[in-house]
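The chain that follows stands alone, in the form predicted alone, written as structure tokens.
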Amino acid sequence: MASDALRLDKAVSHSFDVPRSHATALIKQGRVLVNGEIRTKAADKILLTDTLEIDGYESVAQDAFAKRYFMLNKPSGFVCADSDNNFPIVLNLFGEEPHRDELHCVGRLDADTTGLLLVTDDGQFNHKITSPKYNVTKTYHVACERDLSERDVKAFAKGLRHPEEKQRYKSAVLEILDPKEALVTVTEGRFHEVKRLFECINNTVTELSRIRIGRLELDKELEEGEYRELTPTELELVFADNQD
């Protein structure tokens, strides 16, 4: 936050996961203590380091405003949107998290694409991963209809142009695992990028799963639809390849 001071009603709302109006009512009722002292004005300013207490339950204000970073193993059939009329949204999987409406997917995976998806309420973190200028790599496991060749590897490296796109795609890394199976690493994150790259070589993606962002790999212990918080070390891995 730009400042270490904030309104009491906002701090209560975040710290105890209640609507702002409910927080105001609790304050006026004299049920909110700040560092052990009753405060009855919702507009009072407090510090992030202050301790809040309601009916014996305590919370340090700054804990409620700490940025959150989650790793999700995205299942098929979910979309990365705030709302959708046709598919369930990824954020439905975070129903137990407080202030779920403040969480956003980092980039987008298609409904039928599975694997590593980051979810956060940190806008700067989100932008640094999704903006092409930061060159954060994303690696996918791909299954396709037709056999792949070294010619395709060279084409990906050179940079391809899709007939429906004016701008060429940046160089991508294609690593063939089996005739119809490969790893693909991209940096742009453009709309349907991996699928369209394969269309450029007259091939079709049949299965697509993201396995890595930067050097951060999907936790193999996570079942589809499960998520967990990232550790500080894992956060660093996202940008490890971009350090000077």
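Please read these numbers as outputs of a predicted model, since none were measured by experiment. One rule holds for the numbers: they count along the sequence shown, beginning at 1.
What follows is about the form predicted together with a small molecule, which we do not show.
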{"property": "Listed residue that, although the small molecule is not shown, lies within 4.5 Å of it in the predicted bound form (heavy atoms), from T120, N73, T113, T139", "result": "T113"}
{"property": "Position in contact with the small molecule when the complex is considered in the predicted bound form, options L93, L148, L109, I129, heavy atoms within 4.5 Å", "result": "L109"}
{"property": "The small molecule in the predicted bound form: contacting segment from 192-200, 173-181, 52-60, 23-31, heavy atom within 4.5 Å", "result": "192-200"}
{"property": "Exercise: A42 in contact with the small molecule in the predicted bound form, heavy atom 4.5 Å", "result": "no"}
{"property": "L208, heavy atom within 4.5 angstroms of the small molecule in the predicted bound form", "result": "yes"}
